[in-house]
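First, one chain by itself in structure tokens, the form predicted on its own.
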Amino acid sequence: MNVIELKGIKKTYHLEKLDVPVLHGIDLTIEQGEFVAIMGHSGSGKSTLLNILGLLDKPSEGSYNLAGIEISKYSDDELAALRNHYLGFVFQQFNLLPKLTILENVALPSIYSSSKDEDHHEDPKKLLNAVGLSERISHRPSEISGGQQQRVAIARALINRPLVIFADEPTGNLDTKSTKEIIKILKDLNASGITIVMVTHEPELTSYATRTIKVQDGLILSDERNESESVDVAKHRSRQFKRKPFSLARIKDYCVQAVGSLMGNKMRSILSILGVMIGVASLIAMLAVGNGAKKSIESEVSQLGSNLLMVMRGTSQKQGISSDVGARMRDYKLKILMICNPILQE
């Protein structure tokens, strides 16, 4: 079964008036159960290829078929739902939320899942136990080592039982011992039937993969298979993607996450609440002053004893002499006559 099929994939970035082509027509097929290592120098296009494979970016041209689904016309929201349902990610920088515990980080993708099938979520405690971190579930990411953080990231990637796991330089920030531990975990996952696609700069890591793809200048330079044995994937999931309807349980999860975020950033939350309170109080005060001034004017007008108020244009003064509108008009006529008749000027 082919889980990934790329045909004529091209990607061009538009930077103001400059077009930068990165991929120049990629044709690639990845079967279920493969462990694929993608290699290439910086600027070769391997990261762009991984972003397109992981539905993090859209190709400019070509077709992409993921698990029998043509995703070229999918919206951003639909792509996000597919990512959550079918894919798992392991990044070089771990990308763990520092305010959450390890257990909460692992369980986070299941909260935002769009799947209708609730049974496909793994138990986060069992996942942490599988990667050897069952005694650290209440710790925060800053309280564990880099290798342990990467194991947490792998457990998080497995929470929704992904069809494919994308690993972007998963050992780039780790020492030799931690690197071997992470690679062993990825190999075990691959042996269980999960497809692994790994981007790496380290040639020695390609020996663990069943297939090595080298990318150069936006094209596939070589595609070699390292092993001949197949992987038993009979028990791997084949369920179809279905939208999960909005429910009160999801609202509860969102509220819990919102409260946790507020408590995790207390000073920022206090300042935000204080700003909102000051803004609302200022608005209420301005409305009260405006209504008070309106009532005061209405009261003064009502004391005049008449319900009719006439507003007329006031008189102006010139050299201490007041003149009304008509007087001013006569003064203008006199000036015109003096200009036209030199005798009047004398």
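Note that the structure is a prediction, hence the values are computed from the model and not measured. Residue indices: 1-based, along the sequence shown.
What follows is about the form predicted in complex with ligand ADP, which we do not show.
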Legend entry - Of 43, 292, 68, 279, the one that lies within 4.5 Å of ligand ADP in the predicted complex (heavy atoms): 43
Inset, instruction - Counting non-hydrogen atoms within 4.5 angstroms of ligand ADP in the predicted complex, say which of 32, 60, 47, 29 makes the cut. - result: 47
Legend entry - Partner-proximal stretch of 281-289, 294-302, 60-68, 47-55 relative to ligand ADP in the predicted complex, 4.5 angstroms, heavy atom: 47-55
